[in-house]
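Let's start with one chain on its own, the form predicted on its own, as structure tokens.
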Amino acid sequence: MKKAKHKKINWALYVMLIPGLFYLLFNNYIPMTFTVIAFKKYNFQKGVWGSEFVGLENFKSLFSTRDSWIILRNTVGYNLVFIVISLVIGLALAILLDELKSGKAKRRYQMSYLLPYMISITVVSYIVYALLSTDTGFINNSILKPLGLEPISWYSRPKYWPFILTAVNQWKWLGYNCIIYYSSVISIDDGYYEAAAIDGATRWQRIFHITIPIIRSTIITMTLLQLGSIFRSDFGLFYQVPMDSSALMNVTNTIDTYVYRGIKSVGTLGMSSAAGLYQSVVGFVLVLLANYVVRKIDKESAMF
């Protein structure tokens, strides 16, 4: 009787899995068959299977243009900076949140951190425009002008945008990273801190010798996941926030925005598919390599 009941419960769980399996099948796995477009000169009249097979020509076209080095530099460079800064600031804020004694204060700060994450990137782009607009922007009219400084044409000055894009990205994603690290920090047993305090350890010593080592696996997992997307970029951040300004192309053009502009102008669907396949494969390989290195150093901290 117990065995039959156990089977019944298992079947109920399997039935509950069906909607999720169908979603994965139709949303993730079936579309993977169309990656063949990356190896074809796609013709809308002939369709996917009737289009001419061109091998690696789409990949060559993607990386043989004069802009290929710029888009690769921007994509990888920005992501490396984002990974480092999000790790440092997210972890620091998580530790600071844990230091707060008031529950109400913790909830207020958590909400203020998470609010930008829940805002659409389109809304973020208009908030940035409200700050940086040459004629009506808050910075030019309310900060620079009262100080007697000349207004800056932000959307035509590339030198400012690496800092602007980094600041906007951190502001938007700070809450997500902070909450992930905070959930790990609060799971640490207070007994470790009490014992360290009795032994005379300072607050900094408790952070570096207790907090960070204990949540090391979370830090490594988050870093590996971000590393897997190092050849991808937030399209909204690099296209909508700079308002597609041609003057900023040298510092805002990434693989994703370059492909989008290519499709919009000449309809290079094959090159778009090649870029997506390249980003996925290279990201997957990077995660495997990074995880392999982590396993060699500390097996318990590896993601798999």
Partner chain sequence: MVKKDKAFLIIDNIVLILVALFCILPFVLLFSSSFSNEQAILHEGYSLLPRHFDLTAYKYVLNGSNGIIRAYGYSAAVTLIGTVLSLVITTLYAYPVSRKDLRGRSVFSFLLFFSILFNGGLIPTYMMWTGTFHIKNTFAAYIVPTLLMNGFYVIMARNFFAQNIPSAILESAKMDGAGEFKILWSIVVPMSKPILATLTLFISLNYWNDWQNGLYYVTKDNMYTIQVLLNRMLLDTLYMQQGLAKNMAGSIGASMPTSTLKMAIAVLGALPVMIIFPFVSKYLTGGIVVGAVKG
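Numbering follows the first chain given and starts at 1. Superpose the two forms; the largest set of C-alphas matching within 1.5 Å is the rigid core. Keep in mind it's a predicted model, so treat the numbers as computed, not measured.
Another form exists, predicted together with the partner chain; not displayed. Remarks below refer to it.
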The partner chain contact in the predicted complex: Tyr109, any heavy atom under 4.5 Å: yes
Tyr292 within 4.5 Å of the partner chain in the predicted complex, heavy atoms: no
Partner contact for Leu174 in the predicted complex: the partner chain, 4.5 angstroms, heavy atom: yes
Touches the partner chain in the predicted complex: Asn253 (any heavy atom, 4.5 Å): no
Heavy atom contact within 4.5 Å of the partner chain in the predicted complex, the stretch among 208 to 216, 79 to 87, 123 to 131, 146 to 154: 123 to 131
Within 4.5 Å of the partner chain in the predicted complex, all of Val185, Tyr192 and Ala195 (non-hydrogen atom): no
Among the candidates Val54, Met243, Met249, Ile70, the residue which, in the predicted complex, approaches the partner chain to within 4.5 Å (heavy atoms): Met243
Interface residues of 87 to 116 toward the partner chain, as seen in the predicted complex [heavy atoms, 4.5 Å]: Leu93, Leu96, Leu97, Glu99, Leu100, Lys101, Tyr109, Gln110, Met111, Ser112, Tyr113, Leu114, Leu115, Pro116
Core-superposed C-alpha of Tyr258 shifting 2 Å or more between the shown form and the other one: no
